[in-house]
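One chain is shown next in structure tokens, namely the form predicted on its own.
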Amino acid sequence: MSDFVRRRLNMKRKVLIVDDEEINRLILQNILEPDYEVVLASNGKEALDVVKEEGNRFSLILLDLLMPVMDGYEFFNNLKKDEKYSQIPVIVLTSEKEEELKSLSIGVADFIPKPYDVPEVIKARIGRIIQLYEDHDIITATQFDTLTGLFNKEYFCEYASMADQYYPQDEKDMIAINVNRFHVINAIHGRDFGDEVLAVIGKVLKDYVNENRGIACHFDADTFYVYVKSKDHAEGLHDAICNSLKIILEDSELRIRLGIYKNASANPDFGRRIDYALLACNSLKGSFKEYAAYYDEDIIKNVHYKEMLIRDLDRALSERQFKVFFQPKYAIQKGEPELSSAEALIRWIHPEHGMISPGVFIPLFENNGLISKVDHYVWKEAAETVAKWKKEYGKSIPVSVNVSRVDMMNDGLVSDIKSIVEEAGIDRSEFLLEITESAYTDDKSQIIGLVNELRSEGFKIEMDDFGTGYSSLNMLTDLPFDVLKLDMVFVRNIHTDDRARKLVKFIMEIANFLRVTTIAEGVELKEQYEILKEMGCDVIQGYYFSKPLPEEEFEKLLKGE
């Protein structure tokens, strides 16, 4: 039980008296016993045994210096070597004036001269030292994050301000460090392993700021901050973290992002220093090439631009600024390539900013939980378009639509999709659902249950972006899907790179073993098409056949134009 808890419960603090003279022990015992629980020892060795037996339950040790067996100096040195007991304050008992200065120089808290003729003074000095050390312990316990050993955010801000005050001549940088997709680490390896990852990062940051005159904090679940004397930190800090994590984690399973606000100390608003470093860090979301970004005015402009997109979303939906394009998919295993289906892709034609890339607004809306609004819009448009094609051209062209991770958190997802299909008057087999491979890792059991429910209702599931997520080969046997979509990164070099070709062939063999249809995305060249056909790929999608087309252009294919 800590001294803080003991004090709050109004329990007596425990004091150890170490003196080889029995009369001195008894005098001090009589003085202290009304207020303290007293334990006695006649030499340093006996006292050390008592401390080890009692643990850190002592609030104070009263220590004579000149004793047989083990004197006070040797006892004190042994006590301070052990981290478990080193924080127990020690008051020296001595009648030698020269010993007072010597004892204070080695780190004792105070001294009480012999003889003990003024009990009130003795009790006052003991009470003051205990109070000082208890207050120090409470402050220490509250200022550090227990998991990483770094400052918590409140004390980080306080000590950073003190660093500015005492070292105003030093230019300092604010650095935000983030573990990308940290929730995936927790999902795959468990929260205990996730805590170990954070602890490793904490150790690296502690060592780094000690070497580079700075301070660090664990700000929240997967984010850290460093406030440090300005220099080129990015590469050294990033490498230090990644090299330490390699010991416990495969490097490919995570990315460390750094956002750096150079010369942050020039900004009087400390909150802005933190915000700007985080803005720089967040600007790397979706980028797999860069690991560090520096705050500048372009980042602010980008933030304002994204805020505008979020603000304009509802208006864009109501005004039908979003247009659904359709990219044809061709079945290639039976004679001549034949149009078999299409993928619905969203485009935003903004009245002021023109065509806005899906690569900009889709990740933005996914991160803000707004993507469901866009997905529902696409689902409805796609279903109605399939119905129109059946009615006007007498052709059933199934269309694939994306189902995001945010959608899958919606308890009403199955009923929503069923309603859209039924209202459009199309078959469920004509409405294909694409789910990215990485979605299965977020909450595997929940996602699998949901996908099985959709399949039982007659919907076909396409695993999108296969090979870019986190699933292992043995996971594939557990994941329910009907179609495996091979990501374009695997297709890009199959005509020039033997290793890429062998890898695609291996994936095709897996699909064949699982008896699922294969679709290759991003096919642009005849050589790629011919290799994939020879390997047994069922369906091709890409610019070799067609880019994504607006509805009226796609309909020309249906007419045979």
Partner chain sequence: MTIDELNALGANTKEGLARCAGKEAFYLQLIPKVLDAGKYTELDNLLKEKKYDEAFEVAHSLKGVLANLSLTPVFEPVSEITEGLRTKKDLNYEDLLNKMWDARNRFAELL
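It should be emphasised that the depicted structure is a prediction, and the values quoted were computed from it without experimental measurement. Numbering follows the first chain given and starts at 1.
Here the subject shifts to the form predicted together with its partner chain, a form of this protein not shown in this document.
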property	result
Contact label in the predicted bound form: residue 26 to its partner chain, heavy atom within 4.5 Å	yes
Close approach of residue 95 to its partner chain in the predicted bound form, 4.5 Å, heavy atom	yes
Its partner chain contact at residue 117 in the predicted bound form, heavy atom, 4.5 Å	yes
Contact test in the predicted bound form: residue 30 vs its partner chain, heavy atoms, 4.5 Å	yes
Candidate stretches 527-535, 30-38, 502-510, 46-54 - the one whose heavy atoms come within 4.5 Å of its partner chain in the predicted bound form	30-38
